[in-house]
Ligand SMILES: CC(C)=CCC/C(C)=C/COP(=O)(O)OP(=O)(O)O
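The chain below stands alone and is given as structure tokens, in the form predicted on its own.
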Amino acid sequence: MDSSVTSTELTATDASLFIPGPATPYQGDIARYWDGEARPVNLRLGDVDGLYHHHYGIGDVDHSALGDPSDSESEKKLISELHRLESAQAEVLLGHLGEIGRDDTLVDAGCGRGGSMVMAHQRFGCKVEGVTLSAKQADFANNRARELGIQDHVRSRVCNMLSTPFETGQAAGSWNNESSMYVDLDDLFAEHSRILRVGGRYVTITGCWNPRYGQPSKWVSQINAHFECNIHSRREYLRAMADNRLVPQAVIDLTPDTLPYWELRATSSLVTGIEEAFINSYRDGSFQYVLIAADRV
């Protein structure tokens, strides 16, 4: 990491661990945003099985699992179904990483509270490193790893995903799961290209505005304002990958697969007010939910 960035000591968990200060005012804003975030839609879903995600879901809704809406347990069942769909999304991402061995290292850029890291270790048995700008998210993820007894294999740290402490060629695979809209894509993919070994796999699942629509729609602008992010176009992803030795092996439109999640979430008690923007932008074609898997060459 940039040695010019100031650090403060984190004494709450590890006296030897230093938290770097934000490199830009915007990074400081994002760190404060996620340090203060405690939405029920993230925490209550994670409470279902201890996997705390910060992304959305894909797949058909299992209406048989929801039961009768008049049932006193109906809201609990709905929350469990939403969580099943978001874990299914993580499984799809991990499934595109290819062959990963127990001695390999994976990197989750923008790891949130660490749910995908836990799933990656459970699936591959390998070491998983996560980075986030939020000290509270990193602390939460590391506490969960300790509770699960996998702290020697799963670790989250506070740092800028554009300048990570990992060695060149260290990672067999890396990913961004709904976190790439917070950074410049050329800088992001240059760092992934650096840390990935030749032949390593990068995967992202992200929302992006559709170039065929012409410009970001009003719904996309609402999503940007809500999350304090800057959504990129699909074209920008592919161009920045090509410029940084990442060759796409799969580009999958997941938009039809994510609509059921949003339509179900809009009927729950966990609504945040942004559901309409997602549903309308997916329906009018101005916004897309895509998976891109690319190999480092």
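The numbering used is simple: start at 1 and walk along the sequence shown. For clarity, every value in this text was computed on a predicted model and none was experimentally measured.
Here the subject shifts to the form predicted together with this ligand, a form of this protein not shown in this document.
Visitor: Taking 4.5 angstroms as the cut-off for heavy atoms, does Gly207 touch this ligand in the predicted bound form?
Guide: Residue-level check for Gly207: yes, a contact with this ligand.
Visitor: Using heavy atoms and a 4.5 Å limit, would one call Tyr182 a contact residue for this ligand in the predicted bound form?
Guide: Yes - in the predicted bound form, heavy atoms of Tyr182 and this ligand come within 4.5 Å of each other.
Visitor: Is there any non-hydrogen atom of Arg239 lying within 4.5 Å of this ligand in the predicted bound form?
Guide: No, Arg239 sits far enough from this ligand in the predicted bound form that none of its heavy atoms falls within 4.5 Å.
Visitor: Any of the heavy atoms of Ile100 lying within 4.5 Å of this ligand in the predicted bound form?
Guide: No, Ile100 is distant from the partner.
Visitor: Only one of 77-85, 195-203, 119-127, 174-182 has heavy atoms within 4.5 Å of this ligand in the predicted bound form; I'd like to know which.
Guide: Going through the listed ranges, the match is 174-182.
Visitor: Please pick, from Leu264, Leu66, Val48, Ile231, the one residue with any non-hydrogen atom lying within 4.5 angstroms of this ligand in the predicted bound form.
Guide: The residue from Leu264, Leu66, Val48, Ile231 that makes the contact is Ile231.
Visitor: Taking heavy atoms and a 4.5 Å limit, what residues of 268-295 are near this ligand in the predicted bound form?
Guide: The stretch 268-295, when checked against this ligand in the predicted bound form, contributes Thr272, Ile274, Phe278, Phe287, Tyr289 at the 4.5 Å heavy-atom cut-off.
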